[in-house]
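In the form predicted alone, a lone chain appears below as structure tokens.
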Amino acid sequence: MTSIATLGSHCALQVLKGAKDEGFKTVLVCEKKRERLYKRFRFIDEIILVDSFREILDQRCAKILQENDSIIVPHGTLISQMSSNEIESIKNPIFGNKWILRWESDRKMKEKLMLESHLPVPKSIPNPNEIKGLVIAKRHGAAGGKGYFLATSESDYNKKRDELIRQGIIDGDNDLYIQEYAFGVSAYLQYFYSGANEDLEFFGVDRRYESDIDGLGRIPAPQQIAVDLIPSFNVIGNSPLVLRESLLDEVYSMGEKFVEAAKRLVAPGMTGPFCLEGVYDSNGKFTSFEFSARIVAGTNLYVSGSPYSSLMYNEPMSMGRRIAREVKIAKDKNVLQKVVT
């Protein structure tokens, strides 16, 4: 019997609850320090205890997953814990296209795919001495916003970079990607592309609450200036958002362009959940500064479905359940190879 497996972090509860709702056995690769948490949930059938998530690469863990005929659902923790080479070396089937995760983790490749998708993207700054206005410096990979910082000049950038090096968060300039800062209302657009049905679904929108950059808004400007700190963009949680209906046509168009570009650049393309991340300006124009080529934690808001999934399904449909539904559809159509790698 096929099972759905994932790492015990990020959105594991949503993924495994959705898999159980679709009738699959559920398997959790769980660090021992988190065992007490996940044992609370009865929809988790089997727990593989590990000291580190990296043990998913070891023969013992791989054998248990193979015996359970497991399909692994990747999420941000997998990308943050392992290199692209290590992820691609996993022998157990991975839901979606594991090759596109490399494009998410490398900022230059990410920018190339976004430009190929004809998405409006902020200008990248190749060298700190070219900083002329407000920029944001980001780490490579799925860092959850930790180690990101704003800068307005080369000297400002160097000061903050050096502090992060001192804290051991980064090693140097090669760990950072500099991009013009895009102003507007943040919106993280959640999609699902069905390889089995060859159809794009728009699943929801969220905003992220980032500490302590969002908390600074509660402090008066004079005190902000007096506080000498590098505010973190570390994501603490997510809040729901519903877009003006007039924006939805463009939302679908951007998702379709991204799917088509992914097919051209990284076979077999963008399969399963993904997210276009950016901001809307005062004219309702979207600028996309990121993408995630897998399920994002913002979908945890919609375990019982979002306003948008409710328009497509007459039942509660989380992104986790939609993944499991896709596996079921692909198995019934005998096209499982289209949805796993």
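The shown structure was predicted, so the numbers you read here are calculated from the model rather than taken from an experiment. A residue's number is simply how far along the shown sequence it sits, counting from 1.
Below: the form predicted together with adenosine monophosphate (AMP), not depicted.
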Item to check | Touches adenosine monophosphate (AMP) in the model of the complex: residue 252 (any heavy atom, 4.5 Å) | outcome: no
Checklist entry - For residue 290, is any heavy atom within 4.5 Å of adenosine monophosphate (AMP) in the model of the complex, or not? => result yes
Item to check | Residue contact check: residue 145 to adenosine monophosphate (AMP) in the model of the complex, 4.5 Å heavy atom | outcome: yes
Checklist entry - Should residue 208 be classed as touching adenosine monophosphate (AMP) in the model of the complex when contacts are defined as heavy atoms within 4.5 Å? => result yes
Checklist outcome for this item: Interface check vs adenosine monophosphate (AMP) in the model of the complex: of 195, 128, 231, 122, the one with a heavy atom inside 4.5 Å is 122
Item to check | Listed residue (109, 261, 164, 136) with a non-hydrogen atom within 4.5 angstroms of adenosine monophosphate (AMP) in the model of the complex | outcome: 136
Next on the checklist: Looking at 176-184, 94-102, 112-120, 81-89, which stretch has residues with any non-hydrogen atom within 4.5 Å of adenosine monophosphate (AMP) in the model of the complex?
Outcome noted: 176-184
